[in-house]
Every structure is written in structure tokens, then in C-alpha cells.
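What follows is one chain in C-alpha cells, specifically the form predicted alone.
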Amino acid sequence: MTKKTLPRAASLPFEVDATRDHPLGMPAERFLRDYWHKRPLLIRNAFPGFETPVQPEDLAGLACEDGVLARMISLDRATGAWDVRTGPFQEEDFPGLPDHDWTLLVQDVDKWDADVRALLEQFRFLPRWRVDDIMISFAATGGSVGAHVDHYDVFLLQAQGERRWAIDARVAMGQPAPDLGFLEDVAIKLLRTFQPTHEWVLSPGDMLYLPPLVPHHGVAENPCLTFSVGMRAPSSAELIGDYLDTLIAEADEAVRYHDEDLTVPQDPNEIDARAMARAVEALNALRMNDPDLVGDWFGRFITTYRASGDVMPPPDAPSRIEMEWDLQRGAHLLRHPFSRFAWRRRSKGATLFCNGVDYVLPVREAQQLAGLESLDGATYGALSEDARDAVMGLAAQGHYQLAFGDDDPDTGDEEA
């Protein structure tokens, strides 16, 4: 029997057709092995028969709301000048717009619309904490944000109308990397040069996956909506800076450089090898390699990274006694849409994270609470005392709201 070998990257297709069993056009394991973070892929009919849950007028209305992150990007073809405006917008801003060459982009629509949020279930092959948001853009005919790169993985789902995408896939083809320099004196970061290797027109239900730093340019063939499922990808500077802040905040003043083994130096001006060994020992005493310390820091960091709004408790939030009474009588606790949950195993038990707050719980309960969007009275009552304390602590901060039947809870105030 001959040994099976992985296909050479050069022979992998850039376009596949989805099937009912494989929405990615292949098993998720193969997609992650061959494409994720490595190679662009157009998936035809990834969402067959897709009908957008959000219409352009809905997006425009959302862009007028306080706390919503929205931008409008337009191009004056006569001068080549780009213009960028940030929201919130006014309703009267939209009727006078031309029928071409502008794009409205709204971030975090999954936090504001439950039907949009439900689309994230189709991306369960990825860690949930890696998914940042669903941005939706409406583009008039010719609308674009120019040729650019992103520093994170993104899935571009065509939701309405058609958009033409061009990409530069030379790196994935084993060719020299393109120039990623930006144009100067432009309102947005546009590539100085763009030489596409592939071009497609996407229809509703088609989805284009792009790894980081793949040059791409999308232009609306007609008025269209595009859903962008973007990932969280903090830079090394962000990771180091936040972790160092944690180390500094928790540093023990008693842990210092010490040299009780000091001997007379050959040269009093030299920082010798023994001095460096002592410095490393002092740094190691900060427990930089402690897996629980590092893991709990990362859980807090990643559940707050690029947070789009602050979760606040409603001004008339009920007490714990009132909430537990209502839960026993048919109410349930709904997770706030801006709340980000994750969990990790630790040396003993697990840690549950929510927007930078952490609770040490049994593994089963940390996993359960991270995965549930709502808790009814029976589920809450079956939790351990520590887990019930965690739920009520999070509810006091606004991460859970009490709801009755199909009623929507009061989500309080969010600040962008």
C-alpha cells in the first residue's frame, strides 16, 4: 500500500461548490488544514437560497442609532478623491445620496439583530472566541472601499445583489509576495499597487474566504449587501502590552533583583553572565510561564478585545432574590448580545470568562454557561452554588437579563 500524501498547495483549487453535507465544499477538517490562514477560497452556494434578514433600509436605520459603529465611504471618480464619514447618521443623510459609488458599513450587526447572529451557528467549525463580529455593508452600484488588505481572516458572504471581487493570490500560488505599501494622503488605507490574479462575481449565497494580508478589491455590480464575518487577531504589541500591564498590576514588590552570591568582579563596570542570570531569575519569579496565570489573562483579554460596547445593568434591575423567584415561575435569563463568553481548562477545574471577568468553576459548568444563550429555572437550579453565584454576579453587571415568555429583556445602555 502506498502512503497517502497531502495534495500540493499549487494543485488546490481556489473555487469549489458547496454541498448539503459540506457547506465549505469539503469537510471542515480539510478546510482548516489546507485553506485556513493559508489560501483564499470561493465557495459557491455556501448558503443556498440565502435570503438576507436585513434589508438596506434596516441597515440605514441602524446606522442612525447611537452606539452603532458605522461608516460611509464614497469615491469621486472625477477627482479620484475618497471620502469617509462616521456615524451616527441622520435619516435625512440618505435620500440625497447618488445611485453610485458609495458604501455604508455597519459593524457588529450580529449584536443588534438576532437573525444575523443566528448565522454564526454556521461557523461552529471555528473557536467562537475567535469570531469578532458580522459587519454588513450596503453598496450602491460601483460602490467600493478600494483595494486593501485585512490583518485577520474574513468570510465575505454575498447576501443581496452581485459584487465583483478581485484578489491577488500570488503568495498562495508560491510566487513572490506583492507590494503591500499604502497610498499617501488618502482617507483610508488603500494599496499603492494591486495586480489581481483571480476575479469573480458573487451572487447571493456565495462566500469568499480570505486569509490575512491577501490583497482584495470588491465592487458592487448593482446595489448589494455583503456580510463580512471577521476574526479577532490581536497584534503582538497588543498582546505584550496587555500582559505586561497585568504583570505590573499583580507584581509583588518583595520580588526584586538580589545577589547574595556576589563576588568581587573582575571589572566593576561589566554586566557579567552571573548578573544576567540573576535578572532572568527575577523575571521568572513573576510567573511569566505559569499556565494558569497566562491562560486566565488571555481569557480576560480576548473576551474584551475589540469590544464594541459596554454592557451595563438596567437601572431598575431586580435583586437576586427577585430573579430567582421569577426563574422558579417560568422566567429565563437571556445573555446580553454584547457579552462575550469563553472558558478554559486549568490545572484544577476551569475558568469561565465574560468580558474580562473570570470565575473558577467545574469544567462541566464552565462549558455549559459559555455555550448557553439563555437559562431557564430548571437549568439554573441544577447548577452548583459557585455557578449560581457566577450567573448572578454576571446578571448584576448586565450580562444576563430577566425575560418572561417571548418578551425582550431590558438590555440597559451601551456605549460605543
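The first residue of the shown sequence is 1; numbering continues from there. Just so it is clear, the model here is predicted, and its values are computed rather than measured.
One more form of this protein exists, namely the form predicted together with ligand SIN; it is left out here, but the text below deals with it.
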- Check Glu322, Arg335 and Gln397: does every one of them have a heavy atom within 4.5 Å of ligand SIN in the predicted bound form? no
- Message: Just to be sure I understand the contacts: of Asp326, Asp150, Asp133, Asp101, which is the one whose heavy atoms reach within 4.5 angstroms of ligand SIN in the predicted bound form?
- Response: Asp150
- Item | Contact assignment for ligand SIN in the predicted bound form, among Gln160, Ser228, Thr303, Ser308, heavy atom within 4.5 Å | Ser228
- Message: I'd like to know whether Trp165 contacts ligand SIN in the predicted bound form, with contact meaning heavy atoms within 4.5 angstroms.
- Response: yes
- Leu191, heavy atom within 4.5 angstroms of ligand SIN in the predicted bound form: no
- Task: State yes or no: in the predicted bound form, is some non-hydrogen atom of Leu293 no more than 4.5 angstroms from a non-hydrogen atom of ligand SIN?
- Result: no
- Val145 within 4.5 Å of ligand SIN in the predicted bound form, heavy atoms: yes
- Task: Would you point out which of 256-264, 116-124, 150-158, 83-91 contains residues with a non-hydrogen atom within 4.5 Å of ligand SIN in the predicted bound form?
- Result: 150-158
